[in-house]
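Coming up are structure 1 and structure 2: the same protein chain in two forms, each one given alone as structure tokens.
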Structure 1
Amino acid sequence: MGTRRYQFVACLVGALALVGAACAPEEQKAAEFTPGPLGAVTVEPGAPIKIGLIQAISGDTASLGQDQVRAVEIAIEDKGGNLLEQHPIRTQVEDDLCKAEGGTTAGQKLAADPQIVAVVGSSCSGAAVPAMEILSGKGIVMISGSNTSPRLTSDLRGKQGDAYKLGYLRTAHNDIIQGLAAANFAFQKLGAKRAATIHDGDPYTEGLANAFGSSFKELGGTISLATAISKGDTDMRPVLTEVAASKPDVVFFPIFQPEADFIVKQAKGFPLLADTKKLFGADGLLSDTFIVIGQTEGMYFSGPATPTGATYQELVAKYEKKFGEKPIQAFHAHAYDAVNMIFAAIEKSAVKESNGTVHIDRQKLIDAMHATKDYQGLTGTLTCDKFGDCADAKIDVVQNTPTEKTIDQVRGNVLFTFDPPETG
């Protein structure tokens, strides 16, 4: 009898164990985890989840990257410093120098670490192209807060950009939209009928100049000259001679410092271009180092609309308290949204074992990022399309007048806001 009771109890325990296993939550079955085609990152109990940052943190465009690195730091603090309860968030920052070679080096360094889960970057579109050639090959997702070149995603009409790579997304606008906004302001608000454009061969500057030109012509205007300089040029008189000879009503040059510094300073030597109200830059020049140049007073700039609302003001207050100054560029909120989208996608796609080990499948993480819909970010309601454009894009045109003394004041001097129509 005792033997039979023992056998019954043993069978009952076994049966309950099977039932328990069948009903166990996903984290109890993580030992059976099988990586997808792009591989996975396994994070041991208590070990950090590593996020890479590819940002311009030195040189003439350092404020663009520094602003975003700071925003990511605040986002991590707002998250409590941890993901999935017991895994601290760690970052590895690599300098993209706002150059292709910087993007290559940064991409190589991050791709060499198998524990890098995702990347926030790059600052500049020209660095993103080579960086994504490396990161995409490793299955590493990257989302940028400031890349805007259509080449990286699409023409917003279903045609893939020639630099698109699997795993690339952005919270910044597509410059198809910014080009349309700037052209509308120039043609409709300034009454310009003739426009000249200048780029420097960078995917961002060339793409935005071309987008402006196409939209300006569609509105009925004439592009009197579409020309280019080279990065590193200091003598702008030859190109300015060409521009002046084309007799434009406005000159759109969405380039960076220091080349833009030489353009605005040397334009004073050309009577037709001496009026700074003819000069029109873009978000690459909306920085605290450019607006203080005396020759920029009167200039117009297009760029992402400054977010509004209490949540954004809380970010600004934290930023100022932590770093002793207000945000220094236009894309800090976009970077804040970008890294929080990474956190949300990790939490959605990760598989956790009962001992705290976490498996993050790279393909599932990319899929979770692209599945982002109606995400309530600081920059608006974000929904990602199949090419990685996620922005709730609104573009402001602002002016730097003698009244504005800081970049924050210039960004607040809004003359025109463009809310784009729905695109197919």
Structure 2
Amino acid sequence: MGTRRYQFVACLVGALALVGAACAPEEQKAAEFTPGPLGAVTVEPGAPIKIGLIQAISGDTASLGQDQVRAVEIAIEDKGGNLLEQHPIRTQVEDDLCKAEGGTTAGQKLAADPQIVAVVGSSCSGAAVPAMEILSGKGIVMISGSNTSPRLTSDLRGKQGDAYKLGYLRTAHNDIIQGLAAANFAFQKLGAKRAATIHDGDPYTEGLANAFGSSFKELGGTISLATAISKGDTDMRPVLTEVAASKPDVVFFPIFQPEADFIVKQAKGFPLLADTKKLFGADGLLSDTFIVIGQTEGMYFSGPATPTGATYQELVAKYEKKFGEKPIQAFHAHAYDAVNMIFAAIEKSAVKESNGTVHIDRQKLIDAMHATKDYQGLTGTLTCDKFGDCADAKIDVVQNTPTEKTIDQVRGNVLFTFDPPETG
């Protein structure tokens, strides 16, 4: 019995060894490429290159994400649908709900797919924090077209943000720049010495109001009152009473609808605030439904500069043709640039085999993204700093005057453009 069993085992080992020997050389050949510390994505010949999208596509911030999803679709079409000649580009869209828990779920879902090369997102900074952590852990590069919180990158003075993670970049401006721009406009152009700020407890509005406040103070102005409301509030008269009592020259409230509607409508009843030229909002309010309100005539808005140039006009035309409406938010061009930066970095860092198999080393991809310098995008000339801020962050301040009827016209009525000084 015993010998028989040994014979069998010996045969088996022999057979396996043969098979192994037959297989081994081929594997060696394939393994010429050695992945870096973060691993690599291997794309079989003709297989798609997958890009993940983490965007808010439902709920009350849906337009923010929808806008960027559409821009990415157009960018892929512009690229001809293929990357590295024969690899179709596929996207997978996950909803971040504009919340941290949405960012986690979306991040996990994308991280679970080893074929995801890079991620465009998120829509909201709050969702970005956990998503970055998950994706960074997997070495997946993530670039956002609309995150603006300084915490995600740096304070632009060389101090790393507390949420910063390797592999995160963005084409949107840093809040600090918009705060600086708005403060500069208010202080220098409007000659305001006292400013009041109102936020609504949203991380974005709170961050921006604070950034405005500190810049305004640095310029020599006084913050007469830094106050806040809650989402869902309707009766703004009590808070406006306080604001009026602080005698501001300008009121900066970078909040959203519908609360901002209540503020502008009710401000009319206050002699000190009745002049709409004292009201100053931000990009969240640059929408058709807001500027039609009579009381917004004369109001100022700060926001990322609307791109100019023929290529941008082409994008808008394609957008309108494809989706039946004009771009619904301000960040589609940023997302378009973001995804194109990914394409460029993939093209730069990918290793191609003769049979068409492509290896994309994650570390090299991140390095390639960070190395982006003087990239000619729709939103300007993009150069990434070491913390991932890539934006050519021009901030416009526009005014809604009776001659402007549509949001595009308002966006076009630029009174002031802020081009930030070079940061270190």
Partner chain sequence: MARTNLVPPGPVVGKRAFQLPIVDGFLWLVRIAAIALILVGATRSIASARLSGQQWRDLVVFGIAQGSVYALVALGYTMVYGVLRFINFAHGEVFMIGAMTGYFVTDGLARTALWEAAPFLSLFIALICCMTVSALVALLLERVAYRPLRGAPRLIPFITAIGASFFLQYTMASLFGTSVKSYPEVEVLTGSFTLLGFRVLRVHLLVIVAALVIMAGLYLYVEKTKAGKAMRAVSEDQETAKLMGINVDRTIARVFGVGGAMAGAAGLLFGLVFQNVFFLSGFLPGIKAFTAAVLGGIGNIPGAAVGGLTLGMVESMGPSLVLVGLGIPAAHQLKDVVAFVTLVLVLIFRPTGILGERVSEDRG
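Predicted model only: the values in this text are computed from it and were never measured. Structure 1 provides the reference sequence; residues are numbered from 1 along it. For the two forms, the rigid core is made up of the largest set of C-alpha atoms that agree within 1.5 Å on superposition.
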Give me a 1 or a 2 for the form predicted in complex with its partner chain. 2
Can you give the angle, in degrees, through which the smaller rigid part turns between structure 1 and structure 2? 16
For D233, the CA shift between structure 1 and structure 2 after fitting the core, in Å, is 7.1
